[in-house]
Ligand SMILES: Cc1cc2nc3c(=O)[nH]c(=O)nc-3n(C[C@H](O)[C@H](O)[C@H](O)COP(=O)(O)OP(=O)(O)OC[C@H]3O[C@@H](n4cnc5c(N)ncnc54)[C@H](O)[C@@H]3O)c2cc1C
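The data below hold one chain only, encoded as structure tokens and taken in the form predicted on its own.
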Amino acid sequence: MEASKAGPIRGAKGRPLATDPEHRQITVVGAGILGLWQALVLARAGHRVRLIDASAEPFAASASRLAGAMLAPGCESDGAPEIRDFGEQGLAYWRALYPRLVNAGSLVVAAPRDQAEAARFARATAPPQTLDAAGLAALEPALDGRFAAAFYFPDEAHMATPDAMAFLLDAARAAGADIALGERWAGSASTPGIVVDCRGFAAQDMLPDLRGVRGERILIRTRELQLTRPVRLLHPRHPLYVVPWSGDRFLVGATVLESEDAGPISVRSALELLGAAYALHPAFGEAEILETGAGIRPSFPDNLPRVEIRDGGRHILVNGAYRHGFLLAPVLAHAVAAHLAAGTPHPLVRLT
């Protein structure tokens, strides 16, 4: 990927575009996790930011609302080694900002029949710790006797998705961003200043190599089981994650379906998710189903996000988060802010 090499983008009078009075106005389009972080960081940098979203209800049409919101650079390096370094930066940004982040690490387990998948995962991610059954039981008593071993990533974190997104929206507003929900974007030609386009899969017309990866999840509640940290159950076809939320709730999900179908979750998918949760612990068999959902995660061929600087810097596209939106959104936001201020290069930013 070509990083940006030029200095700060210049306006008509030779000033850096981001400091030119004619271009200090920035419109961020899309109030998903990428747009929220862009609005917050750019507003805090002193820009006049307007965050717009077509949905009148916050996050109602955003794929981000379906995310597991796990900040797991070690676990996620399974699919792309670059995620480890970028993700550690993202985790640091979240820790500096969000007071309700749960810093309890992540666990990864596998059924006996899936030990080949566990070995592959270990080669790809180099887990910091491997626990035996006793070590796993000491860390998560509810899993006592359930698995012979587990991989433990202690320096990872998670959060409840809706709470974190609401926090970011309030923080962007407090930083001075104008929030305009229920407003459709008319296009960059009619928008003054700089546009930071965070529309996700809706921007496919401008990003022809963008593809959709369907994410599905079920929110359940049970008082029969307590978990402190996310647990991933490895499987060659249907890897699962279970994220504990407050109020005895658990988010059960998977993001591996190569499909651009945005329809409701199917019976087959629901059975597979719930069956995998039951395999993790039978107590999930008596859980209440609170909510189901499915959405399209925008993804590039390498499954890494990127920032594209177009039209002399007046149109900036931030997209392709795949399943790394929460982890990498702050990294992308700070990269955009640094590029606008001083043309600072970044591996995920490129000029087109």
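Because the structure is predicted, anything quoted here is derived from the model rather than measured. Each residue number is its position in the shown sequence, starting from 1.
Only in words, not in the display: the form predicted together with the named molecule, which the text now covers.
field: Contact stretch among 171 to 179, 194 to 202, 103 to 111, 262 to 270 - heavy atom within 4.5 Å of the named molecule in the predicted bound form
entry: Heavy-atom contact with the partner occurs in 194 to 202.
- request: Although the named molecule is absent from this view, report whether Arg323 comes within 4.5 Å of it in the predicted bound form, heavy atoms only.
  value: Although the named molecule is absent here, Arg323 would touch it in the predicted bound form, with heavy atoms inside 4.5 Å.
- prompt: Do Phe147 and the named molecule share at least one heavy atom pair within 4.5 Å in the predicted bound form?
  reply: Because no heavy atom of Phe147 falls inside 4.5 Å of the named molecule in the predicted bound form, the answer is no.
query: Quick one: is Ala43 in contact with the named molecule in the predicted bound form, heavy atoms, 4.5 Å cut-off?
result: No, Ala43 stays farther than 4.5 Å from the named molecule in the predicted bound form.
message: I'd like to know whether Ala277 contacts the named molecule in the predicted bound form, with contact meaning heavy atoms within 4.5 angstroms.
response: Result no; Ala277 lies far from the named molecule in the predicted bound form.
message: Can you confirm whether Gly74, Phe86 and Pro236, the three residues that make up this candidate site, all sit within 4.5 Å of the named molecule in the predicted bound form, judged by heavy atoms?
response: No, the candidate spot makes no contact with the named molecule.
Among the candidates Leu66, Ala287, Val49, Val307, the residue which, in the predicted bound form, approaches the named molecule to within 4.5 Å (heavy atoms): Contact check passes for Leu66.
query: With the named molecule left out of view, which of Trp185, Phe167, Phe121, Tyr93 would have a heavy atom within 4.5 Å of it in the predicted bound form?
result: The option sitting close enough to the partner is Trp185.
Partner contacts for 28 to 43, taking the named molecule in the predicted bound form and a 4.5 Å heavy atom cut-off: Residues within 4.5 Å: Val29, Gly30, Ala31, Gly32, Ile33, Leu34, Gly35.
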